[in-house]
Structure formats: structure tokens, C-alpha cells
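This document starts with one chain, in the form predicted on its own, laid out as C-alpha cells.
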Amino acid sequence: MPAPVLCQSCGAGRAALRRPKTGQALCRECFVAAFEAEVHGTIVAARLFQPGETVAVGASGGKDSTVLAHLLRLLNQRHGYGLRLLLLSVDEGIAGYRDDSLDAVRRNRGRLGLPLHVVSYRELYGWSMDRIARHVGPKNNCTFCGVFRRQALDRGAALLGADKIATGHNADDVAETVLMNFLRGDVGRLRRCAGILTGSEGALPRCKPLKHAYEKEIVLYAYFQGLDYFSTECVYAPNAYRGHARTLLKDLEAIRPSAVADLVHSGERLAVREDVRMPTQGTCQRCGYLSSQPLCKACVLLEGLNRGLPRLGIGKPSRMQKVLTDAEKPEVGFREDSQQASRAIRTVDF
């Protein structure tokens, strides 16, 4: 029988894994310590937080957001960040998926002792994702969900008085996004998608403390720490374009293990020629949300749904913007008046 492999860090314990990120053979305790130290190093190096800030942790119930909430609470206490943490979840209205994942969030809320607030598509937009999917069909569901969820997180965090939103995006997520935007030729998003801190143009700042953490290591950390998370894939995800980028990334990683980190670093260093015309950020004429067009994408999609033309928002921006801005119809969507908006949007606290 071959001799057990010893931990390359402490030299005493028996190695429990070989790190996907570095190839080191580590025992359980040394891996956990190294993982926590790396996330702390990322937070400090990027100056993600300032003492006294209220941080809304985007909590979906999955492995990434569960590990993020656990780590932020732990590191906040260990290193004295001075943060007020709260959990913010979005209920998209997906039966058999989001309702079950929110149960996991509620269990973690009790374990972590952090307040939980939930905003829903039904209250914000008058539509659930299941209802949207019935109108849209099997394709483009993720377009609606991604746009609505991003705005829902921003509006929920603003309503709670948060200074910043922390999301569980990991290195694999960032690499997929870089690859996906490159394949689509989306220069505007490609330029900023690898940033660890976004929102400098007026939006509520968002940060990715797990940006340099590999997905495989997040799973291992959750397992070693006995964290409770929901692992079922969304029922609409198989038709998402991101899935093709993920498959390509996994094929690249099988050939070159550093492909994930390479793509992340490439995204950070990409430069755009000075003569390339970039979108100019403004505000939506209808809801006041940040937008490079007269109407933001959420309002365009919502208008199409309410008109019975769900595919109106899927297509060339110039065409659909002209259709909506030229139409003489009562406004549908959010009102600019802050008091009316506050009454329209509320969070469910647990």
C-alpha cells in the first residue's frame, strides 16, 4: 500500500486534496486557512470595503453566495472590517427552484444571525419568471431574468440603505463572462466585466470578493465547512447562451488548467482603442435607472410583456427604442417619483 501523501503546507497532516488552483496537496485545515486568507487578501488589496459600510450580500441559496455570506461574516469578525452585513434575495417566481433555494437562504439566515430581506419580480414588475416563460417560450428567458434581477438587487439594496452590494461571482463566472462578451463582440461590457468593483458611474457599487476563487475550491470549502446550500440548476438555464461559453471554458480548462485564470487576467488587461465609440451612461426616461439608451433594458422588456409582445425587447436596440419612445402610451413600469417608488417596492424581512 502506498504511503499517504502529507500536506505540503504543514508537513504533518494527511493531504485531503490537491488544490485545483495551485496543484498543492493540502490537509483539510491548511486548505480552509489558505482559502480564507486568499479571500481576505483579495478584499484588502482591492479595498473593497470601508469601515461603517452597510453591505447587502446577494443571497441566492447556491454555493457561491452561501460561501460568500459565511466568509464575510467570519472575516468581518476576525479582521474587524467594521461592516454591517445583511442578506438580500430576489424571488424571481420559479416554482420548484427559487422557492426551495430561498428555504436554504432562510436556514443560513438563522445560522449566520444576519437579517434577510427578499424582493420579488411579482411586486417589482407584476410578472413572475414562470409567467414570463409561458409568454416568451423556451428561448431568451435568461435575458429577461438577468436584466430584471440586476435591477431588483439594486433597488432592494437602495431601499435598505446599503452602501454596497457583494455578489458571489467566482473566477469561473468572470472567465465565462469575458469569453461570452468576446464572442458577442460586446466591447462595452467586455471592458468592465472583469472588474472586481463596479458602479463608479453612479450605480450602487458592486464587488466580487470571490473573483479569484475557483468554483471547484468553493465547492470544497463549502463541503469542509459543512455549509448548507441549494445545488439544483435553474429550470431555464439549459437554454442560456452562457451555457455554451461554460462548456467551451471547461474544454479549454481540460487542455490548459490555467485557462480560467488566464481569461480573468486577459479581461483585466484588455484595452480599447481611443477611437472606438463607447456607450454613454445616462438615465432611463421612465424609471430613472442607469441606461445608455433613452429607456433602460428592463423598461423595454417590461413594456413588451405588458403589450403582449414579449419579443419586442429582443432585437436591435435602435429599433425597439424608437418604437417605444415614439409611441404615445401611458408609462408602464417604475415611476420616477421616489415616494411612489418606495411604496411600490418593498422587501419581505425575515
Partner chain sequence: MCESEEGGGCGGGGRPARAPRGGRPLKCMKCKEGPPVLIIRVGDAFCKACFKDYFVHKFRALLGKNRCIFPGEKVLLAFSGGPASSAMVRQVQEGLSREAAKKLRFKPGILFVDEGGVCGQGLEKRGEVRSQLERILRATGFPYHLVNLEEVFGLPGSILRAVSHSATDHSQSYKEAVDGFIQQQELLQCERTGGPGESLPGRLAELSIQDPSEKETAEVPGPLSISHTAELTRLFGAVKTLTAREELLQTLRNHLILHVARTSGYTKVMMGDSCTRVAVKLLTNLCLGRGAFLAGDTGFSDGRHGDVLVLRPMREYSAKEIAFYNRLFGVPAIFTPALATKAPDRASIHRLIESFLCKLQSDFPSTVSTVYRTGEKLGAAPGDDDSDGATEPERCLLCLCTLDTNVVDGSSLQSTLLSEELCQKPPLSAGSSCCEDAPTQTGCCKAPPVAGAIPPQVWLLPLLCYSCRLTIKDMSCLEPLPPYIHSEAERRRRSRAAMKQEIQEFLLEDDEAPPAS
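Numbering follows the first chain given and starts at 1. Just so it is clear, the model here is predicted, and its values are computed rather than measured.
Here the subject shifts to the form predicted together with its partner chain, a form of this protein not shown in this document.
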| item | value |
| --- | --- |
| Segment that reaches its partner chain in the predicted bound form - one of 176 to 184, 221 to 229, 102 to 110, 130 to 138, heavy atoms within 4.5 Å | 176 to 184 |
| Every residue of F49, S60 and L71 near its partner chain in the predicted bound form, heavy atom within 4.5 Å | no |
| Its partner chain contact at G41 in the predicted bound form, heavy atom, 4.5 Å | yes |
| Contact label in the predicted bound form: A261 to its partner chain, heavy atom within 4.5 Å | yes |
| Non-hydrogen atom contact L309 with its partner chain in the predicted bound form at 4.5 angstroms | no |
| Touches its partner chain in the predicted bound form: K216 (any heavy atom, 4.5 Å) | no |
| Option touching its partner chain, based on a heavy atom within 4.5 Å in the predicted bound form, out of R122, R150, H265, R84 | H265 |
| Listed residue that, although its partner chain is not shown, lies within 4.5 Å of it in the predicted bound form (heavy atoms), from C142, L114, L248, L160 | L248 |
| Stretch 3 to 30 - residues with a heavy atom within 4.5 Å of its partner chain in the predicted bound form | Q8, S9, C10, R19, K21, T22, Q24, L26 |
